[in-house]
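Shown here is one chain on its own, the form predicted alone, set out as structure tokens.
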């Protein structure tokens, strides 16, 4: 394998743009996954079966179908029904929606882990239900599940190259486009792989440290 450093120099501008696109998709997708996941988790605890059952069915369907199929559905099928989204919007929504079903399970486990005594104390203090959730339950639940949520952020980062299939030029998409144009695939693909390692591995170490700290 011939390694050409000048190829890397030529690839840097495209790589920088791809990195920004990847981070943008990751941040926006994470916000959707965290917010919508909490909505799913709370809806699944609803005493109304008319709310709980449909939400459970939807989240199970999303969680058990491949992300790539969902991206293709949003990008290629929805326009047939009159709803057209840009590639970037499709990617962000697809990532966020897919991973929201996983974060919902994380939130559910965190809420279930709040001691019964905390609920009883809130009831004894006559706290409104909304206050019980925002001041007592959710702060404790989020503290317990922070490392698990972080793991899904890393998983989302590693799934971001799938956005290339619908035309989003994130890091891998930029590498593939550059390689197709210049016939130099080695350097850009290796650079993208190293970039993912440099981001994901330190993040995983930080999450392990956070998990140990919260376990004390």
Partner chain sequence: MSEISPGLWGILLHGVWVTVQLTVFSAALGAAVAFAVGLARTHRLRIVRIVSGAYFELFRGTSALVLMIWVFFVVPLTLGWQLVPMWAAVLTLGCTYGAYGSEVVRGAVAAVPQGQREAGVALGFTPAQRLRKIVLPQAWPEMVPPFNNLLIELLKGTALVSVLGVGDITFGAQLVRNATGRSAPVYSVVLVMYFVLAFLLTRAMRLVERRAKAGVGRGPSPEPAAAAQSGPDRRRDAAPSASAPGGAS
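From a predicted model like this one, the values you see are computed outputs, not experimental measurements. Residue numbers count along the first chain shown, from 1.
Just so you know, the form predicted in complex with the partner chain exists too; it's not on screen, but the next bit is about it.
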Just one of 38, 26, 172, 32 has a heavy atom within 4.5 angstroms of the partner chain in the predicted complex, so which one? 172
Within a 4.5 Å heavy atom cut-off, is residue 167 in contact with the partner chain in the predicted complex? no
Contact flag, residue 15 vs the partner chain in the predicted complex, heavy atom cut 4.5 Å: no
Is residue 48 close enough to touch the partner chain in the predicted complex, meaning at least one heavy atom pair within 4.5 Å? no
Contact test in the predicted complex: residue 56 vs the partner chain, heavy atoms, 4.5 Å: yes
Using a 4.5 Å heavy atom cutoff, which residues in 53-80 contact the partner chain in the predicted complex? It's fine if the answer is none. 56, 60, 61, 63, 64, 65, 66, 68, 69, 70, 72, 73, 76, 77, 80
